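One chain comes next, on its own, written as structure tokens: the form predicted on its own.
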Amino acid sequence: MPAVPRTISKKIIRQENEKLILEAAEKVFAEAGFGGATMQLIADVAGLPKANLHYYFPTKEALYRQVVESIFHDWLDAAAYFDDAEGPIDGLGAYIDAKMEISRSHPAGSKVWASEIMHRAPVIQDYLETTLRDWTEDRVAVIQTWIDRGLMDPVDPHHLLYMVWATTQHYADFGHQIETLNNGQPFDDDQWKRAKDTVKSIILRGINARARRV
């Protein structure tokens, strides 16, 4: 078997280390907040020397921003369903599914984002004023197009998005509460499916989403 080129091997190692660091940082920032987290604690959770963290992320703020941006870009990818959808049933329905799945697979990242916002975004305010604002207005324009085409009731697109965000991210940010009410157990696959179907049904019925007219 041919040897793996050294440059490729280094790249793989770097990717694996960055993944370990980001996963550990998500957990630590979610539990301790930005102020309570330390690079040493994150290194311990990642199982890497502290020097490795500083090699990839020179400061705690740089690592924190990467964690926050990673969860946001996951949400950006979920919103791509809007672009090619024929209407809210397909577009908004798939977006809700994707957001719920992110809450299931990356609950710590969502909690980091929520904590940052509740503290008035001391680290990522610039990000909110640029990337988030532009992204939101793009989605608002799509929803307004659906309204104009008669595919849903004329609701305020901003408030519709806020409702989707609040509902889907609740399953991450308040996961402990949900588990407590579920007899101390996390949702299994069937329960997640029922949750997603229920959320979609309530929201899509609430806006009177309709299929594209032929």
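All values derive from a computational prediction rather than experimental measurement. Numbering starts at 1 and follows the sequence shown.
Note that the form predicted together with a further copy of the same chain isn't included here; everything after this is about it.
Although a further copy of the same chain is omitted here, in the predicted bound form all of Asp153, Trp165 and Phe174 have a heavy atom within 4.5 Å of it. When contacts are judged by a 4.5 Å heavy atom cut-off, Lys19 does not count as touching a further copy of the same chain in the predicted bound form. Proximity of Gly47 to a further copy of the same chain in the predicted bound form falls outside the 4.5 Å heavy atom cutoff.
a further copy of the same chain is not shown here, but in the predicted bound form it comes within 4.5 Å of a heavy atom of Glu129. Of the heavy atoms in Leu181, some are within 4.5 Å of a further copy of the same chain in the predicted bound form. Contacts to a further copy of the same chain in the predicted bound form (heavy atom within 4.5 Å) from stretch 98 to 133: Lys111, Trp113, Ala114, Ser115, Ile117, Met118, His119, Arg120, Ala121, Gln125, Leu128, Glu129, Leu132, Arg133.
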